[in-house]
Ligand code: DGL
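Below you will find one chain, with nothing else, as structure tokens; this is the form predicted on its own, and questions on how it binds or moves follow later.
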Amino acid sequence: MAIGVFDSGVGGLSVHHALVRRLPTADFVYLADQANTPYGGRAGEDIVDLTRAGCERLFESGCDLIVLACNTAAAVALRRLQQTWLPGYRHARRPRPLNILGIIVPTIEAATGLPWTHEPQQPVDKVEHVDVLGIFSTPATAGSRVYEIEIDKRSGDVAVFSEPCATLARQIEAGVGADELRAVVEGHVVALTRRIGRSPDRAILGCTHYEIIADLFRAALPAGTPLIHQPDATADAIALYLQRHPEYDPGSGGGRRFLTTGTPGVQNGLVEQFWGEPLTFDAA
């Protein structure tokens, strides 16, 4: 068996890279829905349908466990699929265990320092210090308000501000130059800072594409601003999940398959630079 990793494009490779480091002997199948990328500006039903199709393809490829390495898919589609589609799909393929997990829960756990199962706190009358957390994400993730809602439930001393970045994932996917990307990132950091009234105390790169250019965000934010890294948080969470659920077999051969619904072949230079070697996708 294998672990499936799904994203609308190459951004999920940032999560995949962390998973490979954390679980080096596991077998992985990565699927990029490049024929339909980016998801960030799509309608909710489109995102649900496309994510479901991607999960079906990964289950058919021998994956028992799928990680949605896409904030937009996790924010908009994951709960719907878990509640309304996956139970029937599991039943039709019994006794094989199947599950879909996302990257938002581990990110929120990392941001709050609290487990997801932590009981939401009661409102407090007075907060001595507010920690300002900035979220850079796609418009669909920002519109879902998942980070604001879930963090507010768990921590009354964290104020969350989201900055929707309408074009950034598309530009990263296309492999545009560093100078152009730098200008876009700096513009979004300035916009978020103006809306908050000051710089954020911490930041989350709430789109896995953005991890590929994390150095540009570090340069645009004030020196020393901590970044909460979704890939590392997700990899740690998946490793713990597999320990708790031995019924899921991640494989042991260290296999790596890369699939795309788009044009197969070698990926752009930005991806190669991030991954550390040329990366070729096969047709899904």
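Keep in mind it's a predicted model, so treat the numbers as computed, not measured. The numbering used is simple: start at 1 and walk along the sequence shown.
Unshown form predicted together with ligand DGL; subsequent notes refer to it.
S.K.: Want to guess which of 76 to 84, 188 to 196, 92 to 100, 208 to 216 is within 4.5 Å of ligand DGL in the predicted bound form, heavy atoms only?
M.R.: Flagged stretch: 208 to 216.
S.K.: Check F28 for me: does it contact ligand DGL in the predicted bound form (non-hydrogen atoms, 4.5 angstroms)?
M.R.: Result no; F28 lies far from ligand DGL in the predicted bound form.
S.K.: My question is simply whether Q34 lines the interface with ligand DGL in the predicted bound form - judged by any non-hydrogen atom within 4.5 Å.
M.R.: Looking in the predicted bound form, residue contacts with ligand DGL do not include Q34, since no heavy atom lies within 4.5 Å.
S.K.: Closest heavy atom of A169 to ligand DGL in the predicted bound form, within 4.5 Å or not?
M.R.: A169: yes, in contact with ligand DGL in the predicted bound form.
S.K.: Check whether T107 has any heavy atom within 4.5 Å of a heavy atom of ligand DGL in the predicted bound form, and answer yes or no.
M.R.: Because no heavy atom of T107 falls inside 4.5 Å of ligand DGL in the predicted bound form, the answer is no.
S.K.: For a quick check, can you give me the residues of 63 to 79 that have a heavy atom within 4.5 Å of ligand DGL in the predicted bound form?
M.R.: Contacting residues: C70, N71, T72.
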